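This document starts with one chain, in the form predicted alone, laid out as structure tokens.
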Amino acid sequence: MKKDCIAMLLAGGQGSRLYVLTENMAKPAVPFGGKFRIIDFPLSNCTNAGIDTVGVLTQYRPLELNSYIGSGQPWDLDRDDGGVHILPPYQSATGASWYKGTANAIYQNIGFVDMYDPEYVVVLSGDHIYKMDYADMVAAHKKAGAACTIAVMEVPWSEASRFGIMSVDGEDNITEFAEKPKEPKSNLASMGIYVFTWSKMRECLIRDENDPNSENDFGKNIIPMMLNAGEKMIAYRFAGYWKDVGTLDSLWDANMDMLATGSGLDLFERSWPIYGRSTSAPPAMLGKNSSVEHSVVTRGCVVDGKAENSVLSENSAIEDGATVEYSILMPGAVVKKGATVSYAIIGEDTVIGENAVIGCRPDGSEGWGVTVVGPETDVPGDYKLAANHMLNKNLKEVAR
């Protein structure tokens, strides 16, 4: 069945900068906001924007992600004439090959895209937290008659060298593109969200694959190739909330933004809901000694201690006399009696032992930072883990 537009969601990232949190799962499967996973955001954006065919390109540790997506039912993507499709690397007649880069990942799935013969393809990343109407971006692409449209936002000049940077003319036609320039000419940063006219994109992917010197990457190769060929390329300005949660600090920040009034990240907005797979769990229970202030408490939580400015994910628990502040408890995490967790991320199914002290409040020192305990870690009683340190399930401790 021919589609006007389909989406290709790049979800194979190893997430190495999330360290212990992604040792056994792909970055898009990391829990967020109490009841979601990172990948819920682009999938929900697709559904809300009317894009009903999504290819999810997986690679690193895909088991949990594949299981989570399943048939796509939570996002209304369980369809006979489209829906969500998991697209891992596969063995061809010439042998097996990992996805070599973002462009190569789409190249290896040209056959999938051709099945739907779309006019346009939206390329998305699986590790961003944001709400965006892709239909508006596609409409801008159509109106301009562009070969490629790149979503951009203004970033502080001090951070511009971390991004792909666009220079534009008075009508937002892209005139220059530089991938992570040392001396940026602009602060218009690529968000890693693209709309392509499929016929143009298809040609470029094939040409790029035949270049032995290419890194097969959109930012490094495909975008410069199209620009050098004189293709019409436009910038689509986005002014809403957007955060790349590829680092431990940015993941913590985004969870705290969800709690902060005026941050721009509103998960209670009914006109643009974020969907996710729900866990079968009883209602949250707040005990007679509990104290909960300015926190998210999701189903299955049992709180007998104190929670302040924190995100308590499904089936997590804070026992009597324990304190959790400015922290994230991922699903199934337990904080035992008398323990204190401050400015920390506690991984799934981790148990913080009695009277343990994990992290601390900001003390103004240069070495201070968010403390992280990896999934399935059994932290002994009375254990002390300093700020800006990580601990994995083998109780191996490292400074970040």
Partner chain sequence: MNGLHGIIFSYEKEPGLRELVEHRMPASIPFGGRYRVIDFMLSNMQNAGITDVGVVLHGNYQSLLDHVGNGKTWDMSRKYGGLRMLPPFADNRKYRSGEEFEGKMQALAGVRSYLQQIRQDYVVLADSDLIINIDLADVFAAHLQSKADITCVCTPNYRQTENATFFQLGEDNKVVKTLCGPKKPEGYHCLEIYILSKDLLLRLVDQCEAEEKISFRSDVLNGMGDQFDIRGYVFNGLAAQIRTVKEYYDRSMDMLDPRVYRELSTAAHPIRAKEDDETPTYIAPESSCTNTLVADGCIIEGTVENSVIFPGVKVAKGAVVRNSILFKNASVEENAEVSYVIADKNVQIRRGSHLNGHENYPMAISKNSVI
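Residue numbers count along the first chain shown, from 1. Note that the coordinates shown come from a computational prediction; the quantities given were computed from them, not determined experimentally.
The same protein has a further form, the form predicted together with the partner chain, not shown here; the description that follows concerns it.
*Picking from 252-260, 99-107, 151-159, 189-197, which part of the chain touches the partner chain in the predicted complex when contact means heavy atoms within 4.5 Å?*
This holds for exactly one stretch, 252-260.
*Touches the partner chain in the predicted complex: Phe112 (any heavy atom, 4.5 Å)*: Residue-level check for Phe112: no, no contact with the partner chain.
*May I ask you to check whether Tyr275 falls inside a 4.5 Å heavy atom distance of the partner chain in the predicted complex?*
Answer yes; at least one heavy atom of Tyr275 falls within 4.5 Å of the partner chain in the predicted complex.
*Contact of Leu267 with the partner chain in the predicted complex (heavy atom, 4.5 Å)*: Taking the distances in the predicted complex, the answer for Leu267 is yes, it comes within 4.5 Å of the partner chain.
_Non-hydrogen atom contact Gly359 with the partner chain in the predicted complex at 4.5 angstroms_ = No, Gly359 sits far enough from the partner chain in the predicted complex that none of its heavy atoms falls within 4.5 Å.
*Which residue among Ser271, Ser280, Asn210, Asn228 has a heavy atom within 4.5 angstroms of the partner chain in the predicted complex?*
The option sitting close enough to the partner is Ser280.
*Partner-contacting position among Thr298, Asn221, Thr323, Ser125 - heavy atom within 4.5 Å of the partner chain in the predicted complex*: Comparing distances to the partner chain in the predicted complex, the residue within 4.5 Å is Thr298.
*Non-hydrogen atom within 4.5 Å of the partner chain in the predicted complex for each of Phe36, Leu286 and Ser290*: Each of the three qualifies.
*Are there residues in 60-74 with a heavy atom within 4.5 Å of the partner chain in the predicted complex, and which are they, in order?*
Read in sequence order, the lone residue that approaches the partner chain (within 4.5 Å, in the predicted complex) is Gln73.
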